[in-house]
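What follows is one chain in C-alpha cells, specifically the form predicted on its own.
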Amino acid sequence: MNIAFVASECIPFSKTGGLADVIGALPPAVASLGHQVTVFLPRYKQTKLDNPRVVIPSITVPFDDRYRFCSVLDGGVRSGVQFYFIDYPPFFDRDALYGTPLGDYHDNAERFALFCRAVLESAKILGTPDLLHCHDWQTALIPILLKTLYEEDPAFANTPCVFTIHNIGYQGLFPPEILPLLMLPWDLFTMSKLEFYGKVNFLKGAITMADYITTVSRKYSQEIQTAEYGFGLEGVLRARSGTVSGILNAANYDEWDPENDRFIAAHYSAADLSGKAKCKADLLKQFGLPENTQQLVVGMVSRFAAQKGFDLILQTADRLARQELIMVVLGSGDRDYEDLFRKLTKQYPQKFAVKIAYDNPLAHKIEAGSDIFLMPSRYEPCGLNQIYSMRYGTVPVVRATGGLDDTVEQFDRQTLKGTGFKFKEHTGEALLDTLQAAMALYRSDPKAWQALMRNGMAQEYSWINSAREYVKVYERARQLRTAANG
C-alpha cells in the first residue's frame, strides 16, 4: 500500500507536543511492514534540512483575495520514509508553529488551508497515494476538500482518508467569513457539516467527511463520545461510532531507553539500576540544586495548559512545598502557568525548579533522573511520558483518564503487581493523597519500590504493534471507499 501521512509537526523537524513524536515514529513502523510511506509537513523557520532539493517549484493555491504560490522540497528518506515539505515563508517562517503565548496566529486558517491544498496538488504530481492519513485540525481540510472541491477529481476517486484525533480540545474554530476567503462553498456551513455554534469548525468537518476516524487510545475513543470529554462534538462522533476506534500510541525505544539514551549521565537497566542515581545527581546539577540523591525527585515535562492539570498544582502548591520532595518541571505554554512556576521557584527555590522551554536533552534527563513522574491531566488522549517513564524506572503518578488509564496499572503492595499510582477525581486533594502514597512506599519499602520500577521497565509499548493496528484500519477504510464507489 502507498500511504501518505499529513501532519503539522514531526520530530526531528518541528515539535510542540506528542503529535510530533507520533509522526516521527508511526510512519517508519508502517514502512517496516512493507508499505510505501510518505510524510508531508510544513517547512517552518525551525525546520532544519540538509541540502533540500526543490521537487515542485510552484503550486498555485487560490484564495478569494489573491493566488498564493508555494513550492515543495524533498526532505529525503529517513528510516524508509520519504519526507516532503510545503514551503511558503510568509506563512511558515515564524518563531512558533501555531502562535505565541498571547494566542494563536490570526491567519492560522489560511496557513493550514494552503498547506492542505498544496499537499493534494503535490500528491497528484508526485504520485497519488492509495490512502491519506491526516492528523488533527491543521490537516482537517483534506477530508473536507476530498468530499467537496475534489470530489470529481479522478486522481482521488479511490483514495480514502483516515483521520486521527490527537486532542479533541483543539478544533480549528474560525468565523464564517473564512469560507469564501478559502474558496470553500457556503453549503458547508450547516449543522451536518462545518457549522458549530455560529463558527466554522474544521475538526467537525473532518469527523463528518473522513472515511475512518481514529484516536490515540481505547479509553479516549470512548470518552470523546461523552459530554464530559467531547468538547461539543460527542454527538457527531456517536453518529459515526461504527468508524471510530482507538489505537494506543507507543514509544520510540530507539530514542527513549535508559540502556542506550545518548542524553543521560549513565546507562542502566532493570538488571542493573545503579546508573539511575548518577542520572539523578546530574539532573539536580542541571537545575542548580544540591546533588543529594537521597531526596525524592518528582519530574514533569509538559505543555503548560489547563488540560494538563496545572490547576491542581496551583491548588496544592503550598502543601507540595511542605513535602519532602523536589519538583523539577520543563515546558512552556500558557502564560499564567509559566508565571506560576516562576513564582514557585522564587518562593521555594529548594523545592521547585523550572525551565520554560522546549529542551529534548533535558526531557531525557528528567525521565532518567526523577523518582516519580507526575501527570495530573484533566484529560489525556494518550500521553507518551508515562510510557517513557515506565521504561526509565520512573514511577508514574497519573489521573485515571484516557491513555493514562489504559497504560498505567495501579500498584498493589500485597501482590507487587502494577506499574504506578492513579487517582480518579480531578481535585488537588486526590493528587496530593496519591502522591503521598507513592512517596510513602518509596521511603518505607525500597524492595517494593524496586519491584514497582522493574514492573514498569518490563512494559512493551512498541510502535510495530500499533502500526499493525493502523494497517487494519487502512484496509477497512479502503473497503468502505470501494463499497461507496459501487
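A residue's number is simply how far along the shown sequence it sits, counting from 1. Predicted, not measured: the structure shown is a model, and the values here were computed from it.
Keep in mind that the form predicted in complex with adenosine-5'-diphosphate is missing from the display, and what follows is about it.
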| property | result |
| --- | --- |
| Contact test, all of G331, Y358 and N385, partner adenosine-5'-diphosphate in the predicted bound form, heavy atom 4.5 Å | yes |
| Among the candidates Y268, W256, F411, F85, the residue which, in the predicted bound form, approaches adenosine-5'-diphosphate to within 4.5 Å (heavy atoms) | W256 |
| adenosine-5'-diphosphate: the contacting residue among R399, K204, K280, K308 in the predicted bound form [heavy atom, 4.5 Å] | K308 |
| Partner contact for C116 in the predicted bound form: adenosine-5'-diphosphate, 4.5 angstroms, heavy atom | no |
| Partner proximity in the predicted bound form: S221 to adenosine-5'-diphosphate, non-hydrogen atom cutoff 4.5 Å | no |
| adenosine-5'-diphosphate contact in the predicted bound form: G18, any heavy atom under 4.5 Å | yes |
| A363 within 4.5 Å of adenosine-5'-diphosphate in the predicted bound form, heavy atoms | yes |
| adenosine-5'-diphosphate in the predicted bound form: contacting segment from 89 to 97, 342 to 350, 315 to 323, 297 to 305, heavy atom within 4.5 Å | 297 to 305 |
